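Before any questions on how it binds or moves, here is one chain, the form predicted on its own, in structure tokens.
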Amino acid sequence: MEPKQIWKRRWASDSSPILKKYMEVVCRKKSAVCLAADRYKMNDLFQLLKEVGPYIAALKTHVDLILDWDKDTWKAFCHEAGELDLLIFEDRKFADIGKISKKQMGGIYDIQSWSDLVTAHLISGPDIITGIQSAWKESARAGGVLLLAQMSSRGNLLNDQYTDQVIQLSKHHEGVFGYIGNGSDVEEIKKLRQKVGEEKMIWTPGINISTGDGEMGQRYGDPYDAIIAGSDCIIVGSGIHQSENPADSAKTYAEKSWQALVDRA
């Protein structure tokens, strides 16, 4: 199916370059899967990328957790991800004022030079979006901010009132790519979609074919159900990288996510 058939109003709207890029990648690869690449050595990351790259649309990283990180190896890793037609999503969860967040996009990791997407909290106010976007602009690159509107961990403090405030303050900001929702709860995704409308993306962690509770308060929801409810990308970690065959698992998640998008269209 063509992007305009899958994405409808979002495709027809005056979407940002990074939003269009994601929608196109999903349709080329027939996958709305973002892999949470929770491996902490560069060789392990390269191996995981080689195995699952054809079946995912984006790669979620935590660059500051890589034990043997160095600039040149990371640059090669990002290049390989690009060759596999992947968006790179640094799950940094920025939360400071705009000026400091802009500086944090640089620094030793130079996130602004290789990330397509980053996460942020809106607790410090909308200037954080402007700060992050100005860092990308100075690098002559386009990127998008995913704001945390919900979380899937038990006991989190992102209640309905906070979610409403985040959306009200940001839904018309052109620098906002979309929102992080609670993938473990279909009803929460539906409510979030109603509040967000159709213009912005909703990406959902907390997804696993084996639904239920995981380690340290993590809960899981079904990938197909999450997309039918309103998610535009399922973020999958252990369901892929801890499986006996990561490639087969990634392919299964890709097929489920694409079927859900087709059925939802």
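Keep in mind the model is a prediction, meaning the values are calculated, not measured. Residue numbers here begin at 1 and follow the sequence given.
There is also a form predicted in complex with 6-acetyluridine 5'-phosphate; it is not shown, and the following applies to it.
- Although 6-acetyluridine 5'-phosphate is omitted here, in the predicted bound form none of Ile88, Gly144 and Gly178 has a heavy atom within 4.5 Å of it.
- 6-acetyluridine 5'-phosphate in the predicted bound form is not approached by Ile227, whose heavy atoms all lie more than 4.5 angstroms from it.
- Using a 4.5 angstroms threshold between heavy atoms, Ala36 counts as touching 6-acetyluridine 5'-phosphate in the predicted bound form.
- Taking the partner from the other structure, 6-acetyluridine 5'-phosphate in the predicted bound form has a heavy atom within 4.5 Å of a heavy atom of Pro205.
- Residue contact with 6-acetyluridine 5'-phosphate in the predicted bound form: Arg28 places no heavy atom within 4.5 Å of it.
- Put simply, of Thr163, Ser101, Ser170, Ser152 only one has a heavy atom within 4.5 Å of 6-acetyluridine 5'-phosphate in the predicted bound form, and it is Ser152.
- Contact annotation: 6-acetyluridine 5'-phosphate lies within 4.5 Å of heavy atoms from the stretch 233-241 in the predicted bound form, the single such stretch among 66-74, 40-48, 194-202, 233-241.
- The partner is not shown here, but in the predicted bound form the stretch 114-150 reaches within 4.5 angstroms of 6-acetyluridine 5'-phosphate through a heavy atom at Thr119, Leu148, Gln150.
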